[in-house]
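We begin with a single chain expressed as structure tokens, specifically the form predicted on its own.
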Amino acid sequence: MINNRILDEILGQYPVKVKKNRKKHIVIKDADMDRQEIDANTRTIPGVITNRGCAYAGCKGVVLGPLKDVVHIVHGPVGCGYYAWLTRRNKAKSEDPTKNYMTYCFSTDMQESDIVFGGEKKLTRMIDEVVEVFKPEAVTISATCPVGLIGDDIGQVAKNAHAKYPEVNFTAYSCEGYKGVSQSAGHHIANNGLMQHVIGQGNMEEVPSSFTLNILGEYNIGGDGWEIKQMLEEIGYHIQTVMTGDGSYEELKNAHVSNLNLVQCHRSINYIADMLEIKYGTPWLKVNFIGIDSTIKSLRDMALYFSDQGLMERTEAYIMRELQKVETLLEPYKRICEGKTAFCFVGGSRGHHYQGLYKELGIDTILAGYEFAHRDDYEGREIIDSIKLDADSQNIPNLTVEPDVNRYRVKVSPEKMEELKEKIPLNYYEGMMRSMHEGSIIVDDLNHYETEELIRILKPDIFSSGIKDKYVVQKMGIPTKQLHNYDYSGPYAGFGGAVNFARDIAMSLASPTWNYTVPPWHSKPLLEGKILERVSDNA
């Protein structure tokens, strides 16, 4: 394992100021300490090759894009629209194929003349064309960097469009890529817009079932959402909406009726979870349907929340049946995976969630982190009040909501809430660091240099990565399991998903391919260099 001396040697290649900055973003887990602090949600150092995305990617690409019956217009150069076009494999199906727009890429394709003279007229013409051809019930408009720089008022364009087409819900998102320090800013912007202009706009007043849920932070990558939905419906839950994988505008606007919100990805959707509780009285429960033990715990926590005997019995019967199915299937894969080590650096909550599934296969996670997390994603929500807001965080408008006069309902009595909080993670996320073992490494915003050095020293057997960073790792002779969009595999959620994941990991580890790849540290480097302090002009 790595220690502080080795860590200092790695960081010693940076200039002094950069080393001081990066050291705050790396923590070696010390079980004797009550709490360890990590720096997060700050600007990436200029010149460092990061794996982060932009605010636009977080808004349109992550949160808004999976809504299948909404036309998502990207106002900007066509490359931005292409960048967020189905890159996450958000699967969606619809009873009416003409109302599923997932496979379309809508872009205003801004050119130089639009930058000079403004693109509002072009956006207006596109809206007219979209309404005429597709006849959607909802349209989103997402701004990219040039739009903010030249000052196009997409909010006013949306208002004008709604006046012209009152039957269509138009929402505008000022999610220019440069806002905030990463895609996390875009999540916040999308959460605010959906809460302000979509959720609660439906006419539904009565809850469809006593066990009605919203699933938040699930994007149906590779079919995960379908796996979770099928499991919960079989037990007896009613899913009102999923935010936003395979989600729809029609379902989302009635999300206010649910009795409980499940939060899968904490970072991308916690804003909506908090606002739904304040406005409609709906608590949220942190769940994790990645891994068998985590799935079982989440199912039991949900049943305990509703405290219904029949629901508890159906939950236990389902768990028992599924365990009998998968235990035998997992055995051959466990024999291949046993004793291996992993790096798990992925955005969202995946850097945390997949550690449990790795452990069940016998793989030890020795390094983990996020691209765009905040400190509470690492340390737990109890530290939120101690986080100092910087200029970048204040750049994102903070939407304030009040209890809805007509629709606010007390779902659980205050006494029962306090009792449940002692047993289940109700309105709470413990963060990633607490569950990691002694000596493991937590890294925020891991960059390419640190990736190479840590792989060279620790030599993990597999690396869970995003799309952008997997190729460098593979060239080092280390197999990767790409968890941003699963590389054409999945689903990985639930019991069946655990078997799919185990199969893919075992195939990666057993492949002879890696025997033919020579890691760079086994041969002489073609180029060597060292970062030096800038010499002053007076020296």
Partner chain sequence: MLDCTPKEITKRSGGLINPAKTCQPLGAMYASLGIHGCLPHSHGSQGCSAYHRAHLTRHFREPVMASTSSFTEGASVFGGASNLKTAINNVFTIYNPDVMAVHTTCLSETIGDDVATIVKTAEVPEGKVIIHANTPSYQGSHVSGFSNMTRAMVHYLAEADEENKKSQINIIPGFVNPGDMREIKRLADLMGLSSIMFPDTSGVMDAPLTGHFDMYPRGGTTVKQLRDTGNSSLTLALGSYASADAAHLLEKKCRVPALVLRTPIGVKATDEFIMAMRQHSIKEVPYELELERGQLVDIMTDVHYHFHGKKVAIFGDPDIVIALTEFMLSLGMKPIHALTGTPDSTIGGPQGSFEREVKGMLEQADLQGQVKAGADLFTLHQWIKNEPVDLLIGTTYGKYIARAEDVPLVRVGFPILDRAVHSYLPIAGYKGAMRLLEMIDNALLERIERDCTDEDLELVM
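Positions refer to the first chain, counted from 1. Here the structure is a predicted model, which is why all the values come from computation and not from measurement.
There is another form of the same protein, the form predicted together with its partner chain; it is not shown, and what comes next is about it.
Scanning 250, 364, 109, 461 against its partner chain in the predicted bound form with a 4.5 Å heavy atom cut-off leaves one residue, 109. The listed set 319, 204, 78, 198 contains one residue whose heavy atoms approach its partner chain in the predicted bound form to within 4.5 Å, identified as 78. Heavy atoms of residue 56 reach within 4.5 Å of its partner chain in the predicted bound form, making it an interface residue. Mapping the unseen interface onto this chain, residue 52 counts among the residues with a heavy atom inside 4.5 Å of its partner chain in the predicted bound form. At the 4.5 Å threshold, heavy atoms of residue 382 stay clear of its partner chain in the predicted bound form, well away from it. For residue 129, a non-hydrogen atom is located within 4.5 Å of its partner chain in the predicted bound form, even though that partner is not displayed. Judged against its partner chain in the predicted bound form with a 4.5 angstroms heavy atom cut-off, the residues 2, 409 and 431 are out of contact without exception.
Residues of just one listed stretch (164 to 172, 96 to 104, 349 to 357, 251 to 259) have heavy atoms within 4.5 Å of its partner chain in the predicted bound form: 96 to 104. Taking a 4.5 Å heavy atom cutoff to its partner chain in the predicted bound form, the contacting residues in 1 to 27 are 13, 14, 15, 18.
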